[in-house]
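One chain is shown next in structure tokens, namely the form predicted on its own.
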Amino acid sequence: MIEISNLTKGYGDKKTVLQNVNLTVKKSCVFGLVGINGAGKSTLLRLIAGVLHAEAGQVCVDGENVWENERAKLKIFFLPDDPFFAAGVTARSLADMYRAVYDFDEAVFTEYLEKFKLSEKVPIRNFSKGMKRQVFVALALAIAPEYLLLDEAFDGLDPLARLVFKRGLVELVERKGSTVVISSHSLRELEDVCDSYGILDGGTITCAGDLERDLGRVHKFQAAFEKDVSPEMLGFACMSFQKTGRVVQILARGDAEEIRRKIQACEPLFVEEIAVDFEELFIGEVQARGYLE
């Protein structure tokens, strides 16, 4: 289990990036960490990995503080958005280096190189961005750590590679009981694999929980009105209210039938409920905090 308590991090005299972050990530889950650009997602992942040190608070993995704790760090593999590699490094030499630190499944590594159609002997600098990413994906799945941290996990991957990667992550959790924390702007991809999530905004976690449960608590309705309708006329708080001509789309928390009843009290020409996805939940949350106005 990852336990983050009262975590604060800044960079020198610059604005504080994270302020009083509290978060718990349960074992054997896939956790999606989302937020707008500059929200501090990469910084938080680096703090969990023990790469950065916080000014206040702590990160614990299985009850142990991660900072300067070699035993705790050996449970973690962190794949940053732009991983560093030296000139002339090949997939094979990378695998040999990581084998010296982690338990390494050579068969899994070879399997994914073959799936991605990558040579283990060609210098990685000659690969495209997506191919470089595939090499590190193969490494991560071969290491199969207890805690896998992925920053912009799907960036640069083509649709087929994304599918292979998502299946690999699900298998990793089912087979090894690993915990995966993914930061990504591709919320539709996250929805395919994540069972829990957290939204990072304003330097702190503003919303977190079970993804399926929380999606079930948010409802989206589309309605058409002959007269002009405002959010205030509905009689309930809207996470988002978008109007195109006579058609209005409403996102709100609460009991679906109660929301429908209040919409119908405004005498719509029609009203229908539409399924809510993770992206809409996220947009609704950030709009409720004053973004995109």
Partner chain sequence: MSRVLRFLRFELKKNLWALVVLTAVCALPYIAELSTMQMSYVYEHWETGEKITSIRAPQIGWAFFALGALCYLAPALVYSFKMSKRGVDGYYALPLKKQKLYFVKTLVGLILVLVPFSVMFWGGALTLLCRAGNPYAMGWYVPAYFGGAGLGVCLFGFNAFVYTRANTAADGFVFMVAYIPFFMMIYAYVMQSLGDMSYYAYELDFLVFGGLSELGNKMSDLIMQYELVKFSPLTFVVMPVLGVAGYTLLFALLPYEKAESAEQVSESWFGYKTLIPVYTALMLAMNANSGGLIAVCGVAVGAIVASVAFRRKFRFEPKWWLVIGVALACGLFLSVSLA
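Fair warning: this is a prediction, and the values are worked out from it, not measured in the lab. Positions refer to the first chain, counted from 1.
One more form of this protein, predicted in complex with the partner chain, exists but is not displayed; see below.
- For the residues 116, 127, 154, 102, the 4.5 Å heavy atom test against the partner chain in the predicted bound form is passed only by 102.
- Checked against the partner chain in the predicted bound form, the candidates 83, 123, 209, 202 yield a single residue with a heavy atom inside 4.5 Å, and that residue is 83.
- With a 4.5 Å cutoff on heavy atoms, residue 74 counts as touching the partner chain in the predicted bound form.
- Although the partner is absent from this view, residue 228 stays clear of the partner chain in the predicted bound form, with no non-hydrogen atom inside 4.5 angstroms.
- Taking the partner from the other structure, the partner chain in the predicted bound form has a heavy atom within 4.5 Å of a heavy atom of residue 96.
- Mapping the unseen interface onto this chain, residue 232 falls outside it, with no heavy atom inside 4.5 Å of the partner chain in the predicted bound form.
- Heavy atoms within 4.5 Å of the partner chain in the predicted bound form are found in one stretch of 212-220, 187-195, 170-178, 84-92, which is 84-92.
- With contact defined as any non-hydrogen atom lying within 4.5 angstroms of the partner chain in the predicted bound form, the contacting residues in 49-80 are 49, 50, 51, 52, 67, 68, 70, 73, 74, 78, 80, given in sequence order.
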